[in-house]
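Okay, so we've got the same protein chain twice, two forms, each given alone as C-alpha cells, structure 1 and structure 2.
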Structure 1
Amino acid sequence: MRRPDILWRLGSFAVAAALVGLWQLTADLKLVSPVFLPGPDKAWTALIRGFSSGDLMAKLLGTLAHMLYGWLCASFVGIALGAAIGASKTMRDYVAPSLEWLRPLPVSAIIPIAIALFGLTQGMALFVIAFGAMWPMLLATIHGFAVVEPRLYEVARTLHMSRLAVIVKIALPSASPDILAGMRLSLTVALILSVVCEILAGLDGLGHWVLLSARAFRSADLFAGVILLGIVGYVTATAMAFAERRLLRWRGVGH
C-alpha cells in the first residue's frame, strides 16, 4: 500500500475516533437525554446482546436477503434492458425519452401501487427494491453500450460476427466499467429500500428492529441497529469495489 493511501486511512480513522469520542462525551455529560441518545458503549453492549440472543442476527439476515434478492432482480432486468437499448440507436431514439420520464419518479410514489398490487408482503418489498435499484444499472448500461468505439463495430461487420457475438465479445466488455459502477450504486439503493419496506410492511429485518426499538424507547437497541446498517452498507460497498477492481484489472483499473 502506498504511503498516501496509508495516511489517508489513518486520517479517516482519526476522524471517526474523534466523532465517537464526542458522542461518548455528549452522552456522559447528558447534554441530550439518555432516553434519546445513549453512549456508544451502551449501543455496543446492545449490539452484542442482540447477537447473543440471536434476534439481531435473524434481522440482519432478513435485511441481507431483501437487499440481495431485489438487487439481483434489478441487475438482471437493468443490464438486459440496458444492453438492448444501448446497442440499438433506434431503441435509444424511441425508448430513451420514456425512460427519462420514468427515471425521476420517486420510489416512494411507487410504494402505494406496490402495496395495492401485492399487499404488505415480501413480493411488495421485492418489487419496490428491484424497481428503485434498477435505474442506476439501466442508465449506466445504456451509456456503456452507447459509447462503444464505432471502429469495433466496423471490425465486427468485417468479420461477419452475429449480433449476439458482437454484444458478448465487444460491447459487453467495453461497457463493463459503466455496468459495474451502476451495480455498485444500485446495491446502496437496494439497502436503503430494504429498510424502508421493512418499516412500512413490518417485514423481518433491521428496519423493523429499528422501528420497534424507537416505539419502545429502547434507544440503545435503536442505535445498535443503525450502526449495524452502517456496517452492512460499508462492507457491501467495499466488497463491490474490490470485485470491480478485480474484474477490470485487464483494463489497468486500480493500478
Structure 2
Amino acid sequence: MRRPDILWRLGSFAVAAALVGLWQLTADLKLVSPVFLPGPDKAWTALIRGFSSGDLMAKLLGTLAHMLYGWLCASFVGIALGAAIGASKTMRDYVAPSLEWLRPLPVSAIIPIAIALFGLTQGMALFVIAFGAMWPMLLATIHGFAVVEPRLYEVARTLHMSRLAVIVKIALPSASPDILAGMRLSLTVALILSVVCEILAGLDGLGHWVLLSARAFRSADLFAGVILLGIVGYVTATAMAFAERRLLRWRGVGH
C-alpha cells in the first residue's frame, strides 16, 4: 500500500469510529429511547456476556451450520443440474425458459409449502435454504455452459472426448467464473433464509436469539445478535471472494 492509501484507510476508520461515537452520544443523551437503541457499550457488553455464558456461541454455530449445510447441498445440486441442463442444446431449449420464469419468484414464498411438507423441523430449514440458494448457482451454471467458446467443443469432438470428459475438462473450467459468482450470491441468500427459518421454526440459531431478545425487549442482546449476523455476512463473503480469486488465478495467465 502506498502512503496516501494508508492515510485514507486510517481516515476511513476514523469516520467509522466517529459514527460509533455519535451512536454512543445519541444513546447517552437518550435522544432515542434506550428500549430501541442501546449504546455501543451496552451492545458490546451483551456480546461479551453472551459469549462467556456460552449461549451466543451455540447460536452462532447453529446459524453457521444451517447456512453452510444448505449452501453445500445447493452447490452440489445446483451445479450438477446446471451442468446437465447446460451441456445439451435440447435441454437448454426446453428446460431453461421454465427456470427463467421461476427466477423472479420470491424464494421465501416456498417456506409455507416446506412447512406443510416437513413440519417445523431442521429438515424444513435445510430444504428451504438449499432450494433458495440453489437458484443463483443453477442459472449461473447454465449461462456459463451456454457461452463456452464453440471452438473448444470442436476440439473435443476431434479428440473424440466422451460427454463426461467434455463437461469436466472443458465446460466446467470455462464456466467457473459464472459458477463462482453464483456461489457468492447464494451465500447471502443462504444466510438470510437461515435467519428466517430460525425465526419461524424456533431452531437454535441467531435468528431465534434476536427474535427472543426482541420479544423480551432486551435490546442490547438484540443488537449483539444483529452485529454478529453482520460479522457472519462479512466474513463469509470475504472468504468466498478470497477463494474466488485463488481459484480463478489460472485464468489470468496465457490470455
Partner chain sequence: MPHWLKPLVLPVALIVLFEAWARATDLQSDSLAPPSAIGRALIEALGSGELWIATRDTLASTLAGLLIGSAIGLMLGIALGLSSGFNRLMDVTIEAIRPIPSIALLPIALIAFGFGYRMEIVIVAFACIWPMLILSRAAIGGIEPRLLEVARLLRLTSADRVRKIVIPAALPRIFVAFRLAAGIALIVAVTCEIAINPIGLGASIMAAQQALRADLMLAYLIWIGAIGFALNAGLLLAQNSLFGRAALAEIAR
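Just so it is clear, the model here is predicted, and its values are computed rather than measured. Take the two forms, superpose them, and find the largest set of C-alpha atoms that agree within 1.5 Å; that set is the rigid core. Reference numbering: structure 1, starting with residue 1.
Legend entry - Index of the chain form predicted alone, chosen from the pair: Here the form predicted alone corresponds to structure 1.
Inset, instruction - Please check if Ala239 moves between structures 1 and 2, taking a CA shift of 2 Å or more relative to the superposed core as movement. - result: No, the C-alpha moves less than 2 Å.
Legend entry - Rigid core superposed, the C-alpha shift at Ala17 between structures 1 and 2 in Å: Shift of Ala17 at C-alpha, rigid core superposed: 2.6 Å.
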